[in-house]
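One chain comes next, on its own, written as structure tokens: the form predicted alone.
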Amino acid sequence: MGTLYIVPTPIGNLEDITLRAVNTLRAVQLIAAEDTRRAAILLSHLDIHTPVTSYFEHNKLSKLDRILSALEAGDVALISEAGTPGLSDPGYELIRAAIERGYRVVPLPGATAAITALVASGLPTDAFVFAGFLPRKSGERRKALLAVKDDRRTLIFYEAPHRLQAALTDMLATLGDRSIGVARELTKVHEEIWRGSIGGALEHFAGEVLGEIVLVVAGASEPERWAEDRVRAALQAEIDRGAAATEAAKKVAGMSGWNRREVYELIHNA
């Protein structure tokens, strides 16, 4: 029984590949590639002649059984169009299927556009949310943004260049004018990492934009912590309106910068 290797490939600069990844691509019996044309360029550069089969969004169901059958005979490497397989690409389904059928799955570390953009953005890196690609339609996109509006962690999104202006417009409307890092063409000749506000980004990228985009957005700000007398007054107002103690504590905690337990204790220590 073979092993499925998850092999990150460069997101731009062909030198951004590990020695382990190169050795793995040479050693396996088959490479499952999201984009065989991109794979051919990389493999030619590395002088690797391992057989390649396509595995992408529109043929993943028909190819899945073939690749799993290949795992019966030997090792298979999974590569995406660029970066780490399984992040915003169909590799997830293959990885899950291999796990369910009992194959060994071995991940290799390597290039990832989301992390590369995050660490260069200047925004907090201790906690973050990777949300993948935003929806294409404005209404759905705003709904997705509203779902993370109150998250205090740094937010990371992928976006297509032709939708950048629309995405930034919806961000400004739903999240407010927060700090943002816009990373474009990472590791390539025309790499750009722009830092500023969402409103400023709308102005900076007003013309034609080329290249793959990563948006790194500041999380929600910590709410101002209210003084105790203000919290007590808000609690009393909620209770006077007929709210249960737990409901009142939850609502006031969300407004006051206090955690729910602290607010709830004030009710019992009134």
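We number the residues from 1 along the sequence you see. Since the model is a prediction, treat every value here as computed from it, not as a measurement.
Another form exists, predicted together with a small molecule; not displayed. Remarks below refer to it.
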Looking at Lys149, Arg195, Lys188, Arg153, which has any heavy atom no more than 4.5 Å from the small molecule in the model of the complex? Lys188
Considering Leu123, Ala82, Leu164, Leu134, which brings a non-hydrogen atom within 4.5 Å of the small molecule in the model of the complex? Ala82
To test your reading of this chain, name the stretch in 231-239, 205-213, 40-48, 65-73 whose heavy atoms come within 4.5 Å of the small molecule in the model of the complex. 205-213
Taking the shortest heavy atom distance, is Ala98 within 4.5 Å of the small molecule in the model of the complex? no
Contact label in the model of the complex: Tyr158 to the small molecule, heavy atom within 4.5 Å: yes
Should Asp170 be counted as a contact of the small molecule in the model of the complex, where contact means heavy atoms within 4.5 Å? no
Whether Ser88 contacts the small molecule in the model of the complex should be assessed with a 4.5 Å heavy atom distance threshold; does it? yes
